[in-house]
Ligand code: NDP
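Below, in structure tokens: the form predicted on its own, a single chain.
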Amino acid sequence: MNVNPMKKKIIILGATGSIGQSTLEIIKHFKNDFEVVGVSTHQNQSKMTEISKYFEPKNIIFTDPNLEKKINKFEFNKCSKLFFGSNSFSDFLNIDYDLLINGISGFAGLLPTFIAIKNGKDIAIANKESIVSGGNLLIEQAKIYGSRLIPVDSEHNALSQILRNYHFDDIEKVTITASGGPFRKDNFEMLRLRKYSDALNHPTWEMGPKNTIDSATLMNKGLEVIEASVLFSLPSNKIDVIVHPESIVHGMVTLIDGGIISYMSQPDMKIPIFNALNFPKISKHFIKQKSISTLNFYNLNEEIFPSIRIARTALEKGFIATNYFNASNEVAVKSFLDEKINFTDIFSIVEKVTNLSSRGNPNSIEDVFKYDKLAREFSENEVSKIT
């Protein structure tokens, strides 16, 4: 492969998932601008074989350590070095790269995020769970090591596009939008009876199972309120959420003069990913823009969907509580997907476990993992009471 020294070197975590696949599609269109030097997956060998042959990354990691003895290494590009297990992330990331795209779903994305920060690398982060669980530590460490956290979530990417043009004192509040998910018109009893197959039928976005369930419960918006607070140094009362089914307006900033600035684009994750790949430049995309017709906005019914209220409570207590919020949600979502609990049990489990947390913030990365483990134990206990 002829390597252009001016290409931006990219590592993609979660390369076989929706964020990773969208990123690779973009890079196929801009081969002269980007080079894939590393990719990760948990255990998707077939997709990773295709990625290896087409992009020829230097490093490949399977986070499932059990694959090391099962995998056929000859199916991969001979120039690629294979790693196995999350404990190998330090070695996997020990290459020359310019930007890490973190598209891993869940708390599993935290460790490589911290490693990349300590390497002083820029991170395009779609893994909101890292920010919610790591909170203050991520930001503090990023400042120390000169790492930039570039949001990939469409809402936070939109806000960052707007906020770069204003001073902190110019801002009255920010607003993130929610599609409302497939159940936004449900009453609580209808919501209680919803099944796995119902929840995966999202009207706007195509995502993995965990993120799709989070969208249906609006836990994703709870996570995003915390994420916005961390990324933009905003208190909870300056972050609003509004339901916008078309998902055209991704973020709005209300200025102190009463004006509202919005960022609108098609509901396609390739747009914020492309923005993150080119950050801080604005570059011409290949996606054909569609015309905009009707935009609808609705207030969120927090009595039926209490997720954001619980998230705000966690944020006010500190990042130990936000850690509990994330961990309990991951356990509850898995239990729902395993058909152990009802849909609305997700809310009660997350609220009960979040309320068990102490006030304050983790003091170290070790603390973050300790609190996560403890919160999962509490959550499993709550699940066992139901089942």
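Given the structure is predicted, the values throughout are model-derived calculations rather than measurements. For every residue, the number given is its place in the sequence shown, counted from 1.
The protein also exists as the form predicted together with the ligand; that form is not presented, and the subsequent description refers to it.
Judged against the ligand in the predicted complex with a 4.5 angstroms heavy atom cut-off, the residues 103, 126 and 269 are in contact without exception. None of 160, 247, 147, 211 but one reaches within 4.5 angstroms of the ligand in the predicted complex through a heavy atom, and that residue is 211.
The partner is absent here; in the predicted complex, the one residue of 28, 53, 42, 340 having a heavy atom within 4.5 Å of the ligand is 42.
Proximity of residue 335 to the ligand in the predicted complex falls outside the 4.5 Å heavy atom cutoff. Under a 4.5 angstroms non-hydrogen atom cutoff, the ligand in the predicted complex lacks residue 11 among its neighbouring residues.
The closest non-hydrogen atom of residue 200 lies beyond 4.5 Å of the ligand in the predicted complex. Although the partner is absent here, residue 15 is a contact residue: one of its heavy atoms lies within 4.5 angstroms of the ligand in the predicted complex. Partner proximity in the predicted complex, defined as non-hydrogen atoms within 4.5 angstroms of the ligand, places exactly one of 128-136, 293-301, 115-123, 308-316 at the interface: 128-136. Residues from 243-263 do not approach the ligand in the predicted complex: none has a non-hydrogen atom within 4.5 Å of it.
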